[in-house]
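Next comes just one chain, in C-alpha cells: the form predicted on its own.
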C-alpha cells in the first residue's frame, strides 16, 4: 500500500441512474429480498404525479437511466404511464420484474409506452425449488412464459438467477436455459446479505466449495459464449479478500427512491443509524444529490479510516459497503469486514466458518414475518 493524501471534495457528477422502488407489494415472498424488514404498505406509496416529478428532476439533474423495481413494479397499475413519461424525458428504462404478472396484454402496453429493456428474475431452474423460494405455486412456469413473451416481442432480455446454498449446483442448467431462451445477458448473482437476505443468511449462504464451483462454471461459460451472451457474476462477500465497490461507491452513481419517497444512496441505507434521509416530496433531487448530509457522509474518500485512507485501492472499492460494515460491526464508519486488511475481517470469516451444516427454514418476506420468526424450524438442504 502507498500513503496517499486525502482527495479534496469535488462537485459530484450527476447520477447515472435512478432506481425507483415503486412498491413493496409483490406476489412472491423471497427470503433474500433486498427490501427492508419493515415493508411499506400500498397506502403510503407515492402517486403517479410524484413519480413523474422524480423522473423529471432526475433528467434535469443529468441521469440517463431509470430502473423500475420493487417489490414487483407490475403491481402498480400506472406502470405504463411511468414508462411513457420516462421515454418522453429521454431516459433509458429498465423493468426489473419477477414476470409472474406479465401477459400478452401487459407487455404490449409496456412496449407501446416505450420500455427499453426487461430484466427477468428466476429463483431456480428447478420448478418445484423455484416455487418454494418464491412462496408461490406455479411461479416458475409463469416466468418461463414471461421469458418467451419478452423474447418474442423483440425486447432485449436479461435473465437474473439468484444463487444460494440450495441451488448452486444447478448453475450449469441455469446458463443452458439462458442460452436456450436467447438471452443477451444473464446475471448469476449470489444472494447479497441485506434486508431479508441478512435475516436468512444461515439458510442461504453457500459453502466455499459451492462458491468455487459456480465461479469455475461461469468462467468456462464466459469463454464458450464470448460474443454471444454477456454473463455478469456477483459473488457473496463472506469468502472475499477485498470488498466490492458497493453501488459504485456511496452516492456516486445511483440514487434509490423508496416507495414512500425517501431518497437514499443504496437499497439498504435505511438500516444505518443516525441518518435522516430526505423525502423527494419535500426536497428536490438536485439538492439531495449535491448537498444532503446523508449523501455527502461517505461520498469520496475523506471520511475513510485506516487502512482505507492510505490504500491504493481506495478509489476502486471506495471503502466497501457501509451497510455491511454496520451489520457486522455496529459501526458504519469502519472498514468493510470483507476486506482482508480490515481489523474486523475475522467477523466475516467467522460467519462463513460457522455456517450451519443443516440450513434453517426460510423466513419468508411477509409483513411481520421477521419479528414473528425468532426461532425458525430447521429443514434439510
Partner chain sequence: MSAALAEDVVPAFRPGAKFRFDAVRKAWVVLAPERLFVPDEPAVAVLQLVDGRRSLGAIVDDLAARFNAPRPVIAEDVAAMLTDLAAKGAIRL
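Numbering follows the first chain given and starts at 1. Computed from a prediction, not measured in an experiment: that's the story for all the values here.
Separately, the form predicted together with the partner chain exists; it is not shown, and the next lines address it.
The closest non-hydrogen atom of residue 329 lies beyond 4.5 Å of the partner chain in the predicted complex. The partner chain is not shown here, and in the predicted complex it never comes within 4.5 Å of any heavy atom of residue 361. Contact check for residue 59: a heavy atom falls within 4.5 Å of the partner chain in the predicted complex. In the predicted complex, the partner chain sits beyond 4.5 Å of every heavy atom of residue 342. Proximity to the partner chain in the predicted complex, defined as a heavy atom within 4.5 Å, holds among 176, 189, 101, 230 only for 230. Exactly one listed residue, out of 214, 119, 301, 167, brings a non-hydrogen atom to within 4.5 Å of the partner chain in the predicted complex: 119.
Across the proposed site, 90, 156 and 185 without exception bring a heavy atom within 4.5 Å of the partner chain in the predicted complex. Looking at 200-208, 131-139, 280-288, 177-185, the stretch with residues near the partner chain in the predicted complex, meaning non-hydrogen atoms within 4.5 angstroms, turns out to be 177-185.
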